[in-house]
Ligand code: SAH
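We begin with a single chain expressed as structure tokens, specifically the form predicted on its own.
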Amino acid sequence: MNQDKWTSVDHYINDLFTAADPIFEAVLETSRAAGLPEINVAPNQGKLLQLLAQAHGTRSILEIGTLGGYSTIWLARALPADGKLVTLEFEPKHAEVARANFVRAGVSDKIELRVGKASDSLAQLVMEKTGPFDFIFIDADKESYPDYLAWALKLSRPGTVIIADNVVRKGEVIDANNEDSRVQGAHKFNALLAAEPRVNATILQTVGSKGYDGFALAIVLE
């Protein structure tokens, strides 16, 4: 199997289960035109996030890492009419693009976008006693993943689902001596997650149009 085959299979899956949606197409085009990095989740991954949130009966979501709002919209569509999603973005330019995309998708009334360093925004959420959240999605700078796990646990409750994307890093995560700071962040996050007694968790490897990677899935126990 190679990248061309993985991408072709992703297209096959998306043709079957993620019907062409002009909203998502516009979101990607707007983000591309603004020069945002093309690191959004794949359509079938976005659909998976939506399904997991719906299956969990999610009413409140925390997303760490907004980018252009592509995954945010998938998650917002899983919420009931009175549901709420708080998303955190460091780059003001990304946040501006995302806000316009939320309006375009008709979900802006469900979303609160906070701009700034994620650790500061997370500390503010804790101080405000916002939450606990039913569902937390981590997809931001990998170097800070260990810190984001600690904050996620502070903002969770028993039963909260925590998903962290990009934790396999093309398999490089098995090398504890890898000098890439993103790999180091993912490696430390994975070890902390495995040792954390307050969660039941696993990691799944994935291949597809985005290449070879994987995501962590955890449920908070206490």
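Note that this is a predicted model, so its numbers are computed, not measured. Start at 1 and count along the sequence shown; that's the residue number.
Not pictured, yet referred to below: the form predicted together with the named molecule.
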Exactly one of 105, 97, 140, 113 has a non-hydrogen atom within 4.5 Å of the named molecule in the predicted bound form; which residue is it? 140
In the predicted bound form, residue 67 touching the named molecule (heavy atom, 4.5 Å): yes
My question is simply whether residue 88 lines the interface with the named molecule in the predicted bound form - judged by any non-hydrogen atom within 4.5 Å. yes
In the predicted bound form, residue 40 touching the named molecule (heavy atom, 4.5 Å): yes
Is residue 148 near the named molecule? Define near as a heavy atom within 4.5 Å, in the predicted bound form. yes
Only one of 156-164, 171-179, 191-199, 57-65 has residues with a heavy atom within 4.5 Å of the named molecule in the predicted bound form, and that stretch is 57-65
Across 108-124, the residues having a non-hydrogen atom within 4.5 Å of the named molecule in the predicted bound form turn out to be 116, 117, 118
